[in-house]
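Shown next as structure tokens: one chain only, the form predicted alone.
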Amino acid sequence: MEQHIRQALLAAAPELFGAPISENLIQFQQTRRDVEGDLTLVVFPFVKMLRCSPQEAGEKVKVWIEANIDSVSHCNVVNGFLNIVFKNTYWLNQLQEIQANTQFGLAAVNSKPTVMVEYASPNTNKPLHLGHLRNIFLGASVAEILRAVGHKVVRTQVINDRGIHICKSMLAWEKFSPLNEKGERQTPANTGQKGDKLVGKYYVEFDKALQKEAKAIMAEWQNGNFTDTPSAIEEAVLNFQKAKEGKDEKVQAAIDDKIKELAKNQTAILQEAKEMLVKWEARDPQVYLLWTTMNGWVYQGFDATYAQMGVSFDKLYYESDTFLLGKDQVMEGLQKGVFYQKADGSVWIDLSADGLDEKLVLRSDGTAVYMTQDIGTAIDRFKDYPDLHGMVYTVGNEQDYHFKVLFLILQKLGYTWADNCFHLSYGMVDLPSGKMKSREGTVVDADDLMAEVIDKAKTMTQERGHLEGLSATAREQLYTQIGLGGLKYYLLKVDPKKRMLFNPEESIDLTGNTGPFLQYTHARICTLLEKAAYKPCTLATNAQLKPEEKEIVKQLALFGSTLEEAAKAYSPALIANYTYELVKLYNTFYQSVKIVVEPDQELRQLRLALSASVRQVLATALGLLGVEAPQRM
């Protein structure tokens, strides 16, 4: 209707305003809930053309709309705003269209360009954790939203399977894994432990050994012993120690952290890890075998976790492959003058003229950095998908600068498609106890968290009852739907840009803005429609909608535009909040009117159609969030 009125005003502009007008002068907004109206037209842009007050301009437009737009009942002018009220028949027709269209709100399949959405992208040195869950659920939901508005979508991840962090786990396993009675080190097969968790344990063990060595080196430096310490490091440490004198505790702690970093870089275990990385890039047979073996353990663990999450991918990329293409691009860019080489052999790019700084793209020992592989990955993707229009990178906001640099480097290398690359930056997830740290083992494991919320959902559901007639298998499936639905919704209802605090207890609550509350409403409607033996039919045109019924139809009608807005903003939170508002409106309606027992058959059919339409849109919206919609709860 908004578009219909806009086109009508544009056509009538010479008559109404005395001259043609541009489309941007016609501005609509949602009507405030405290005034009568279904759509509000902003009158102020017309005041100058009509040479009158806002009230007079509004009255003139009001008269024209009431006389020329059949679906409009009447209009009210309030302080420069024209509040338009649609006829009852308009909303009945809207409801009729919604219940007749199983794809309501969704665009035609593949009607928009191909977009690739990257999410998950884990490191193969640790299991997935709570932070990964927000990333994965966000990326998976954005992919579904983009598909719903018509894009062909390729879901992908780049698996970070190489680098110093991977070598840390490998080295720690070689050093610290105990031997069993058969002389075998620990494996998933002989321990029964998931592969990603086993490898992650040794990543933590590496950090413990690193911290111990660094602490010993710092103690030697504190005593003035700098044996085997490079002169440049010794000078830096002495300067730091001198700078601590007379400073407060906070400044001293910050300086100690800098000294500690210098000490870590002097540890034998870190030097061994660096040497292992060089050997890996040189394809040393022994190191490469260890790498493929331990990564294989991790992949099996990841696959099990993804299956529990209910997410999947269309294409996998591996950093161990794409970094080579990235290195080739760096060397080619070096010849073209895009990059430059320092005396130590390292390769850099100077982005100071673009408001950024200098960025390392290749170390002095020839090994690649993250930026190198990201360059290669991006190029590889566009080669694999020639019709690719753009890419969405779902990565935490601590990497905001990284992606500014990446997209700028790709532009300077001559790739015009870099303009269509977008960093879906999201805030971190905190726990009541504070920030998570993988290397210290202070993370919430994804498998453990999913098991916990499912178990809580089981307890809650059993306490409520209503499980009669469900088999044991169906009950377990329901517990999983509720637990994971609550978890996903909790992580997605917050604007992606915002940092959030996670509370597993709140996520499965049956009241308030939670996934289970929405799921329960869906199940309630399913039961209602089953009890009424509902079948869609043509609605009576003389049925009069109650205010609460009209509000539901208005909310339903907004689904398509909300979906487009969510796709444009890459924000599942918009879908979540829309759905919560729809459910609140429906529950108010459900509590205030008769439905199944309504004696007036035309009115009964209307309310059943309204319920069925809410169920349909609710199920679609939940699906876009990756949340299943149970038929019983």
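The term rigid core refers to the maximal set of C-alpha atoms that superpose within 1.5 Å between the two forms. All residue numbers are counted from 1 along the displayed sequence. The shown structure was predicted, so the numbers you read here are calculated from the model rather than taken from an experiment.
Omitted from view is the form predicted in complex with the RNA, to which the following refers.
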### Task
Select, from the options 288-296, 150-158, 310-318, 513-521, the stretch whose residues sit within 4.5 angstroms of the RNA in the model of the complex by heavy atom distance.
513-521
### Query
How about residue 64: is it within 4.5 Å of the RNA in the model of the complex, going by heavy atoms?
no
### Query
With the partner left out of view, is residue 81 within 4.5 angstroms of the RNA in the model of the complex by any non-hydrogen atom?
yes
### Task
Verify the contact flag for residue 179: yes if a non-hydrogen atom of it lies within 4.5 Å of a non-hydrogen atom of the RNA in the model of the complex, no if not.
no
### Message
Taking any heavy atom pair closer than or equal to 4.5 Å as contact, tell me whether residue 245 reaches the RNA in the model of the complex.
### Response
no
## Note on the structure
Among 412, 466, 554, 112, just one has a heavy atom within 4.5 Å of the RNA in the model of the complex, namely 466
### Query
Considering the RNA in the model of the complex, which of 595, 69, 26, 567 comes within 4.5 Å of it through any heavy atom?
595
### Message
For a quick check, can you give me the residues of 332-350 that have a heavy atom within 4.5 Å of the RNA in the model of the complex?
### Response
344, 346, 348
### Query
Superposing on the rigid core, do we see a C-alpha displacement of 2 Å or more at residue 537 between the shown form and the other one?
no
### Query
Does residue 517 count as moved between the shown form and the other one, where moved means a C-alpha shift of 2 angstroms or more after fitting the rigid core?
no
### Message
Could you check, with the core superposed, whether the Cα atom of residue 343 shifts 2 Å or more between the shown form and the other one?
### Response
yes
